[in-house]
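You are given structure tokens for the same protein chain in two forms, set apart as structure 1 and structure 2.
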Structure 1
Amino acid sequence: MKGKFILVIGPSGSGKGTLINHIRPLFPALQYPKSSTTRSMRANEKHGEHYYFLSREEFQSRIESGDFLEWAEYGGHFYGTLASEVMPLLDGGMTALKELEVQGVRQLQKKIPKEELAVIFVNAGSWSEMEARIRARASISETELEKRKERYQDEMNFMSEADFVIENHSGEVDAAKKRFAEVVESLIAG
């Protein structure tokens, strides 16, 4: 039996990371395929543990070779998911989970059969709620905030295409964690 690839999507600041961190200890068999990137390694990161850090040339060569299931460019850097990180897991009947952007989900939907994919959208509400969360997390320029607002609109338009929507409004994180765990458990159980 083929495995399942669970894709978690939602606007920046919607709580995707919080929900994913909540379920890690609950479902130890879940696999988390790593992304590849051309950005520089940060002080606390290790190659192959957090990301696969590739040169721009190597990344582009691997795009041309068809090695990526999905890839995109953000902030002048490439990010992507190698087929070698995902397909052996699905072929082995395992369940993998990855946080992605709309662009990546759309690419994956063209390459992986629908029955092997599940898309969970994390909805944290209106732009004003999201803006408050984003500003509370770190200082951000007005230009970057405007870019995030544009991406927010694109992401919200995608919500109706998701298989599941987790409501994660301010002050309701415990309910969101519970619902997210229930959805993931149902997908693992098949």
Structure 2
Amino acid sequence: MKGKFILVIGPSGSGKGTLINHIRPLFPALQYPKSSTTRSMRANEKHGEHYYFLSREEFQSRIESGDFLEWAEYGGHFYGTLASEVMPLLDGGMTALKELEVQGVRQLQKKIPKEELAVIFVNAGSWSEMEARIRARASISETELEKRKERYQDEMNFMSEADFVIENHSGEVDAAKKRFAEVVESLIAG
């Protein structure tokens, strides 16, 4: 039997990372395929931990080689999932979970059979709530912030198409963590 690919989406600042960190110790068999990106490394990041940090030239050349299952430009940088990160897991019957933005989800929906995909949307409310969280998390330029705001509505438009929606408004993070863990557990159980 093939495995399942769980996609976690939601606007920048909606708390996807917090929810994913919460479940890491809970489901040891769950796999986390890494992303590749051309954005610069943040202070708390290491190459190959969450991201492979590639130059724009290298990213472009891997697009041309057909190495990416999906890729998108977001906030002026490239982000993508290498097929080699995911297909061996699904072929081996494992469950994998990955955070990505909606253009990538749409590409994966065309490539991976419906029964092997599940989309979880994290909704944390208005742009002003998101903006406060993004600013608190990392130093970010006003230009980059403006780009993320433009993408906010695109991401929100996907909510009605997701298989599951987790509400993660300010002050409700514990309830959101619990609900997220329940949904992931139900997907792992098949």
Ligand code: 5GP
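Please note that residue numbering is based on structure 1, beginning with 1 at the start of its sequence. In this text, rigid core is short for the largest set of C-alphas that superpose within 1.5 Å between two forms. Because the structure is predicted, anything quoted here is derived from the model rather than measured.
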(request) Eyeball the pair and call it: which is the form predicted together with this ligand? (result) 2
(message) Taking the rigid core as the reference frame, tell me whether residue 52 has a CA displacement of 2 angstroms or more between structures 1 and 2.
(response) yes
(request) Answer yes if the Cα of residue 111 shifts by 2 angstroms or more between structures 1 and 2 on a rigid-core superposition, and no otherwise. (result) no
(message) Please state whether residue 37 has a C-alpha shift of 2 Å or more between structures 1 and 2, with the rigid core used for the fit.
(response) yes
(request) Can you read me the CA shift for residue 132 between structures 1 and 2, rigid core superposed, in Å? (result) 2.9
